[in-house]
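Presented as structure tokens, the chain that follows is alone, the form predicted alone.
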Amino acid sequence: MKLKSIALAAAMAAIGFGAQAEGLKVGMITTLSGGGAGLGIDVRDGFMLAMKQAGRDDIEVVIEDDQRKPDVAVQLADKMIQSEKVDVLTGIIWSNLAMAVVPAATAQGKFYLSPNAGPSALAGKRCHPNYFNVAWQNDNLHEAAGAYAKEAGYKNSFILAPNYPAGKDALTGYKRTYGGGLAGEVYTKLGQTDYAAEIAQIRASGADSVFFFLPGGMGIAFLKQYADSGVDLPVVGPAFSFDQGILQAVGEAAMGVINTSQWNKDIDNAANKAFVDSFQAEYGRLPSLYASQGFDTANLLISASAKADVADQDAFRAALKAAEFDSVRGDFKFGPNNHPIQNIYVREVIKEGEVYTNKIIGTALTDHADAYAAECKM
């Protein structure tokens, strides 16, 4: 298989290519084709927007497409570390790919900044001083959904997620805070698009609510089929199936659905307002959750590189840990396992003109840390 670098647009050529030898070299491995490509494209675009705004010509960014395949991601990571001589890796969307790449990268002395995947293993017993998650630990948004469901009085949820690490973390997180009974618990195939059997199970289950984690195209397929089925149970989920990048494809089926997120375009701070406006001006679309995470990841990296040389790993690590940048989320800080401590909000899908989007209607969890930090011995 021939692996091709993703060429950056000419307008971004000045961002990093031709960087000075003493500069910082970043390897971004993300999903840019096939299923889930929209997520990787948004992470890339948010990251590169921050780089463009910073005007740092001493930071080089090499971007590759992992095609959502663990073996491809491993090959790319090996190439970036051994041939490209990158200092920092980032970009992976999917937790199974992160588990294939991150431990080997950090073991070789590289820093890894996750703009998305946050598997529980890397937050707990397999944490590493060079691994920082800038998004969330996988359970977090699902814990917020469980907290909302409990507050809403749901007693018998039917829950489903794909059978891969993030799916297992999702259902674990929901159950941790929900506290009610389960009408059913189902793991679906990763990449599945036909949910007739699962919807039939929901119909027959006696559930009073449905919680699902089906990111990207999986969520689009499920919601459309669920809406067409006539099953009229309230649906709760994390932002991943109700994010800006896919809401237009879901359409009316998503209206009014409650979902949870650590970010939304209406968070009221100057950094977020500027980000939303500049992203829309640069790319002609509203930013998604993934774009916000890519943007924050780049700004964290930029802030650390302004304080310390990556060659001095202790100083660079401390600069990352300090997280002295203006996050689009507002206050941002890392916990002891290098995962965020942050608010997680309740959002409702609404329509603004002809655009489906979300608005914040409450806060599910305040200054929330993940459940695995105590297992991390750094």
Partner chain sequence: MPAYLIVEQLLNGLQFGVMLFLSAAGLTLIFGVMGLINLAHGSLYMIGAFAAAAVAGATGSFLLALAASLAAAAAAGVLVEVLVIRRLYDRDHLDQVLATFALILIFSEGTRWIFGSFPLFLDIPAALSGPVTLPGGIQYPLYRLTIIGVGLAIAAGLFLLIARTRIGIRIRAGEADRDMIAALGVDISKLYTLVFALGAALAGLSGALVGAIQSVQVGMGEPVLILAFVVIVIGGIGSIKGALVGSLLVGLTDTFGRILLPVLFGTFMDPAAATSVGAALASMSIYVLMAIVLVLRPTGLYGRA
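Between two forms, the rigid core is the largest collection of C-alphas that superpose within 1.5 Å. Residue numbers count along the first chain shown, from 1. Computed from a prediction, not measured in an experiment: that's the story for all the values here.
The following text describes the form predicted together with the partner chain, which does not appear among the structures shown.
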Answer option from 302, 221, 182, 271, heavy atom within 4.5 Å of the partner chain in the predicted bound form: 221
Contact residue in the predicted bound form, chosen from 152, 255, 249, 308 - any heavy atom within 4.5 Å of the partner chain: 249
Region of this chain that lies against the partner chain in the predicted bound form, out of 144 to 152, 263 to 271, 191 to 199, 292 to 300 [heavy atom, 4.5 Å]: 191 to 199
All of 34, 37 and 230 with a heavy atom within 4.5 Å of the partner chain in the predicted bound form: yes
Contact flag, residue 110 vs the partner chain in the predicted bound form, heavy atom cut 4.5 Å: no
Touches the partner chain in the predicted bound form: residue 281 (any heavy atom, 4.5 Å): no
Contact of residue 203 with the partner chain in the predicted bound form (heavy atom, 4.5 Å): yes
Proximity of residue 156 to the partner chain in the predicted bound form, heavy atoms at 4.5 Å: no
Rigid core superposition, residue 80 Cα moves 2 angstroms or more between this form and the one not shown: no
Residue 253 C-alpha relocation of at least 2 Å between this form and the one not shown, rigid core basis: no
Residue shift check between this form and the one not shown, rigid core fit, residue 231 Cα at least 2 Å: yes
